[in-house]
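Just the one chain here, the form predicted alone, laid out as structure tokens.
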Amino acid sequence: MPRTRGRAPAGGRADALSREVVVGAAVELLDEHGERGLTFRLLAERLSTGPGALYWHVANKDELVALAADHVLGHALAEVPPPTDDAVAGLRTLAVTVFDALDRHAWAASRVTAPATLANALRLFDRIGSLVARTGLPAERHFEVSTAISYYITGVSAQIIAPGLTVSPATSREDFLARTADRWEALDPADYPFLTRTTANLRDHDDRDQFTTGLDLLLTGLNATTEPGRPA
């Protein structure tokens, strides 16, 4: 959210910093220490400034982490190659690029939310909608389909990438999945026939494959519902 500017904080170096510099340093610290390990004191030390100067650019830690996640998303969007004539292929490339970026910055996955509010989240949704509009789908369905794809990219990425982070920063993905698989394995097969026979898949699955499997089902459905004879 925009800051209401008043007097610069005493002893701070507000004019030696910018919001972009503060957010970029926060991304580095979040990658190193996770969200729980990020403090304004640590960030001030990284930037060789006082905490008061940071509050000149961001209101609080929650805003800072949200801006840092949006910064990560902006870099992901910059990596997406120019669209081709195949809009559905463009949607897949966009989705996978965003997933890969969030996978590299796991703390950010749950912070890229929909509906979009921050700058790059808005750009992501606009790009999704622009590609959906090129598929031949009737115009009255563009919003619903675009939001469904947006929710899949942001929501499923967060569910796949970030669940272990809610347990403990020290818990690895492998440990989290192993513990969950152990709990599934201990269930009564009569009550949970699917879960008890799929524990090996939970332990050993690839997150990116899991994401793209669902994505391809979604995009296959989009292809099936577009009007025949319309250019993609």
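What we label the rigid core is the largest C-alpha set whose atoms superpose within 1.5 Å from one form to the other. Predicted model only: the values in this text are computed from it and were never measured. The first residue of the sequence shown is number 1, and the count goes up from there.
The form predicted together with another copy of the chain exists for this protein as well; it is not shown, and the discussion that follows is about that form.
Of the residues Arg141, Arg104, His75, Arg92, just one reaches another copy of the chain in the model of the complex with a heavy atom at 4.5 Å or closer; this is Arg141. The partner is absent here; in the model of the complex, the one residue of Glu28, Asp191, Asp182, Glu174 having a heavy atom within 4.5 Å of another copy of the chain is Asp191. For the chain shown alone, Leu218 is a contact residue for another copy of the chain in the model of the complex, at least one non-hydrogen atom being within 4.5 angstroms. Under a 4.5 angstroms non-hydrogen atom cutoff, another copy of the chain in the model of the complex lacks His71 among its neighbouring residues. Taking the partner from the other structure, another copy of the chain in the model of the complex has a heavy atom within 4.5 Å of a heavy atom of Ala116. Proximity of Leu222 to another copy of the chain in the model of the complex: non-hydrogen atoms within 4.5 Å are present. Although another copy of the chain is not shown here, in the model of the complex the stretch 52-71 places heavy atoms of just one residue, Asp62, within 4.5 Å of it. Once the cores line up, the CA of Arg183 ends up 2 angstroms or more apart between the shown form and the other one.
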